[in-house]
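Single chain ahead, by itself, as structure tokens, in the form predicted on its own.
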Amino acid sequence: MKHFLNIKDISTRDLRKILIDAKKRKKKRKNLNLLEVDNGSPLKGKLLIQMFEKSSLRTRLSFYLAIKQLGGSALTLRPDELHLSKGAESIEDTAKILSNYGDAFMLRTDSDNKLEEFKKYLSIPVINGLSPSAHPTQILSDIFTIEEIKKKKISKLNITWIGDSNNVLNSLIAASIKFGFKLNIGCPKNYLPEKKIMSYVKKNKSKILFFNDPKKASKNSDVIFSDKVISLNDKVNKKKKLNDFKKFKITKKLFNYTKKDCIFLHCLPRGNEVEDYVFKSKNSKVWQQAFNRVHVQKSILLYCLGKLR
């Protein structure tokens, strides 16, 4: 049994094994319908329990399809229907019940501590579907998409992030250190990652550079990433923050500084941080990026349940 909480806690070898398996599985599904099961039904009889404390579209759909295509089933719990959310039952007791009924637990949460507590008391794997500090399933799937499009290892590419320092960027930073790819981060100087992340970058002697100028950050990029400047639960002065990021919008002009075949990725949903022109251009691969999550999450489930080939 293995958990999937943070990219930095998983070996590069295991992360690469997940990507290799996902590539094989996607290829074999070329002529199958969405709900047809993979050959061998590797997770037949297995139940994935999902709980979403934060809004979700892509994570919810992709994990549902992932377990179904592996021959298993999914059950989604609404936190407001559980005793746990009303303070009437502990995480420890909830975890013991989940362990008896399910084979894996995927949690999208507003609390990193809650993930750690579930990990402590569960006797089944727990997967981080998004937390305040990380979005590991998203970033591993994004690496899959980049390598699929570019047809080369990500370690050979220049990756750029333009935008706020958030959970998605934290996982991208961890991935840069694990896979050894160059990562330029463009954001206003007052919006750098928190001290803990900056110390992690410094300690690992990474290929990560920070820029206060989006043009300099984008120079010779193979990939440009972005995300919403204002996330769903941001407790900030939104007007001020949007103004601070005004110069960091992903525009057609910004792509003059990148390589000609540079692609644009966005974990979605989008806001006004990217021009409509760029989002809908041939450089944009956001829909391929979104659906690839099914394939990678299948391999993550197999990894967690000890079934990865």
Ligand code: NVA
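All residue numbers refer to positions in the sequence shown, first residue = 1. What you are looking at is a predicted structure, and each value in this text was computed from that prediction instead of being measured.
Form predicted together with this ligand: not shown, discussed below.
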Original post:
So in the predicted complex, does Cys267 come within 4.5 Å of this ligand, heavy atom to heavy atom?
Top reply: yes
Subject >> Contact test in the predicted complex: Asp222 vs this ligand, heavy atoms, 4.5 Å >> reply: no
Original post:
Do Ser231 and this ligand come within 4.5 Å of each other in the predicted complex, heavy atoms counted?
Top reply: yes
Subject >> is_contact(Ser176, this ligand) in the predicted complex, heavy atom dist at most 4.5 Å >> reply: no
**OP:** Answer with one of Asn128, Thr145, Asn184, Asn166: the residue that has a non-hydrogen atom within 4.5 Å of this ligand in the predicted complex.
**Re:** Asn166
Subject >> Interface segment, criterion being heavy atoms within 4.5 Å of this ligand in the predicted complex, picked from 82-90, 176-184, 128-136, 213-221 >> reply: 128-136
